[in-house]
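Before any questions on binding or motion, here is one chain by itself as structure tokens, the form predicted alone.
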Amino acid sequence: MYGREDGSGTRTAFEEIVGVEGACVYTNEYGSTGDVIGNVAGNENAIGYASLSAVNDTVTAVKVNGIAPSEATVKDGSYTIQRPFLMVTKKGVELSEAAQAFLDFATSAEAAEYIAAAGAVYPN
């Protein structure tokens, strides 16, 4: 079992989603998802976890309950090992002009193209 280092957001999210917080024993811990992918690719007996955007043709993504991970199965929720990222602002405070411009851009169709190009799943 290869995974991220203790304190990594990726590790914390994975362990919370599968209900094993603090119980995993890792053969090796890595400081980046790329290192996890590379080391899993180099060991036929290894297994690890990574964001969908990091998966490449050097590894095989694992099906969960018979469902393969893909943009479509993340969007429809059928691939159950996933986590959303949210943007938040302070309640009751009007955003600055720059912050509002960023939020407007981040939720635009143009930003969706960049998000998709980076391999992440955009909800719309």
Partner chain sequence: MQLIFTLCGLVAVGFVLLISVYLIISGLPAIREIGLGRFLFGKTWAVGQNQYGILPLILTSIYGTAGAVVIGVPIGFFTAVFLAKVAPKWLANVIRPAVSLLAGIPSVVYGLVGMCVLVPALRNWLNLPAGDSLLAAIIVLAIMILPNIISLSETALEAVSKEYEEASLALGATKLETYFRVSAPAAKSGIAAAVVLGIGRAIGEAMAIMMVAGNVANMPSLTKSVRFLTTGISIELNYSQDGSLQRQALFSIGLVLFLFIMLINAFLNLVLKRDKEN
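None of these values were measured; they are calculated from a predicted model. Numbering follows the first chain given and starts at 1.
The same protein also has a form predicted in complex with its partner chain, omitted here; what follows describes it.
For Gly7, a non-hydrogen atom is located within 4.5 Å of its partner chain in the predicted bound form, even though that partner is not displayed. Remark: Tyr30 counts among the residues lining its partner chain in the predicted bound form, judged by a heavy atom distance of 4.5 Å or less.
With a 4.5 Å cutoff on heavy atoms, Gly22 counts as touching its partner chain in the predicted bound form. Although the partner is absent from this view, Thr80 stays clear of its partner chain in the predicted bound form, with no non-hydrogen atom inside 4.5 angstroms. Residues of just one listed stretch (30-38, 50-58, 65-73, 92-100) have heavy atoms within 4.5 Å of its partner chain in the predicted bound form: 30-38. Contacts of stretch 43-64 with its partner chain in the predicted bound form, defined by any heavy atom lying within 4.5 Å, are made by Asn43, Asn45, listed in sequence order.
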